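A lone chain, given as structure tokens: the form predicted on its own.
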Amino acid sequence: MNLAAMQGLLPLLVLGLGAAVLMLQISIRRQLGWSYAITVATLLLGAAAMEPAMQVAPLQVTPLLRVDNLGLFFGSLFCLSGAVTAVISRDYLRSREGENEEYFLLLLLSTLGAVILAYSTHVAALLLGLELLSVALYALIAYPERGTLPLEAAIKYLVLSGAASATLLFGFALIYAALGSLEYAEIAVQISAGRAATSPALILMGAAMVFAGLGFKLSVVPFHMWTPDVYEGAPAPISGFLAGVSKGAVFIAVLRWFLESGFFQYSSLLAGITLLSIASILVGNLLALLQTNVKRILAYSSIAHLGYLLIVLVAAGVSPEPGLAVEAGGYYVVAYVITTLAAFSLLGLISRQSGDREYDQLSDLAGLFWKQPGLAALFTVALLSLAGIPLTAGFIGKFYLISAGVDAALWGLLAALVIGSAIGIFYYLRIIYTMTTVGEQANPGTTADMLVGSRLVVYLLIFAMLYLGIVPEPLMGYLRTIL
């Protein structure tokens, strides 16, 4: 491997070396503070390493990985999000007995998988990143071994994820049988050369199975049934990581594979994605109306948000110039990851665990505005951003999606987006209204209860949400230059 390739892969090397150092530290001497410090330092160094890597971009490092501005930007986003999760998790682990050092190791490995997904230009790299991301999450979801909900959530995710991975692998096998390659660019060349015409049914069947497997990872309808149970059972910081970083990384990988492999040329595939998008938007928002657990509400909300993001794939596929759709998708992923991390971080503080139960029922939030107005106000900002209310990042993200949909004349998808957003406002405001009612909030945390690092990252996330909602042009302009 030459020097340029090593410079391009520096973020991955930093994360891998950090994981090795962390494993050695755990094996030599268990000390939670050291594990926490090594994890946060590694993730911040990984994000900082994107800058020297950008100097050699674009660079193809073997057929598996490409160092380009898209992968580096989202790789840095995932590293910073992993660091935020680690900082918030320190508060969660304060009240937990037992040996917790492996928690940070698993989080670091999962983030490494997310960054590999952002770099991947070959099916082998995609599968490597996907499994590294998912396998670490199996254990993180079950980390509170006391209680039945975390174990149930982890088993459901493990079994269904295994089935989804098998479906994904079989789909790629069919594509390989038809086209003779697993490299994205080579697949596009074979499709353009007309080789796909000899076996179109095989290719479409393979692509459908690939989207079914990836649809599970994105939890779009009808592959969504695991989502509310897993979010409810997992620790709140991990629910936020799963909803934000994991889904964001998989979506970026899907977007790259879909566009670079040339599968957008198949109108039947675009029609199938359109149906998945509409179903996810409507089903996710409608089922959220029926929930009384805040984690489950946010779980169904995440299904709807991934339905919104699927509009990007369709718009990029039908537009002669997909740049606007890709920009919209990039902005929405950034806004969604930031907002989701903030919402689950604050919910984790509100729903402090007592025994086998977390106080995350809607009724547990009654009276929060009167007992902890600062905490309730921060949570309200995150909910308003998820709802897409003006002056928040969520509003600009949805506006960007609408612009991309109008540019591609996707009127049916836009109608679903508007209807779904209107429904979503109701259940987000329902949570806010509950916090204003007079009642006995079961076990309220306070921002003062948080460690200094946790308070700092929560305030930064809220500031980022408001900044991107009020001054969106800097990020828009930057995405325009790299995508």
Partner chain sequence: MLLLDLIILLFAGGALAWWSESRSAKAPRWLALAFLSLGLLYLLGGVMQIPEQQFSLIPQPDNPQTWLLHYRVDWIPRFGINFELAMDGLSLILVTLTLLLGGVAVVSSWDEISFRPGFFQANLLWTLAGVVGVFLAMDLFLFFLFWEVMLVPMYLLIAIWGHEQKAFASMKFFLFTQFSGLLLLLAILVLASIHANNSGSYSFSYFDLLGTAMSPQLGFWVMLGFFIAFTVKLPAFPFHTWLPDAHTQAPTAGSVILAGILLKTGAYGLLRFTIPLFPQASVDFAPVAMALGAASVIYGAVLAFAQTDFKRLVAYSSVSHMGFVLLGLYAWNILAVQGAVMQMVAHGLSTAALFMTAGALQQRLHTRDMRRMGGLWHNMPRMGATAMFFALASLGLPGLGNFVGEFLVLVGLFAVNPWLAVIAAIGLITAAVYALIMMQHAFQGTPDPQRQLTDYGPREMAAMGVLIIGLLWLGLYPQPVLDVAQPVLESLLAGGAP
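None of the values given here were measured: they were computed from a predicted structure. Positions refer to the first chain, counted from 1.
Keep in mind that the form predicted in complex with its partner chain is not shown, yet the notes after this line are about it.
Chemist: Heavy atoms, 4.5 Å, its partner chain in the predicted complex: which of 52-60, 27-35, 410-418, 454-462 makes the cut? Say which one.
Modeler: That would be 410-418.
Chemist: Report yes if any heavy atom of Glu327 sits within 4.5 Å of a heavy atom of its partner chain in the predicted complex; otherwise report no.
Modeler: Output for Glu327 is yes: heavy atoms within 4.5 Å of its partner chain.
Chemist: So in the predicted complex, does any heavy atom of Leu17 sit within 4.5 Å of its partner chain?
Modeler: Output for Leu17 is no: heavy atoms all beyond 4.5 Å of its partner chain.
Chemist: Does Met476 reach its partner chain in the predicted complex if we count a contact as any heavy atom within 4.5 Å?
Modeler: Yes, Met476 sits close enough to its partner chain in the predicted complex that at least one of its heavy atoms falls within 4.5 Å.
Chemist: Using a 4.5 Å heavy atom cut-off, state whether Leu218 contacts its partner chain in the predicted complex.
Modeler: No, Leu218 sits far enough from its partner chain in the predicted complex that none of its heavy atoms falls within 4.5 Å.
Chemist: Only one of Leu169, Ile402, Leu286, Val189 gets a heavy atom within 4.5 Å of its partner chain in the predicted complex. Which one?
Modeler: Contact residue from the list: Ile402.
Chemist: Can you pick the one in Leu270, Met205, Ala139, Ile389 that has a heavy atom within 4.5 Å of its partner chain in the predicted complex?
Modeler: None of the other options qualify; the answer is Ile389.
Chemist: Mind listing which residues of 366-383 have a heavy atom within 4.5 Å of its partner chain in the predicted complex?
Modeler: Phe369, Trp370 sit within 4.5 Å of the partner.
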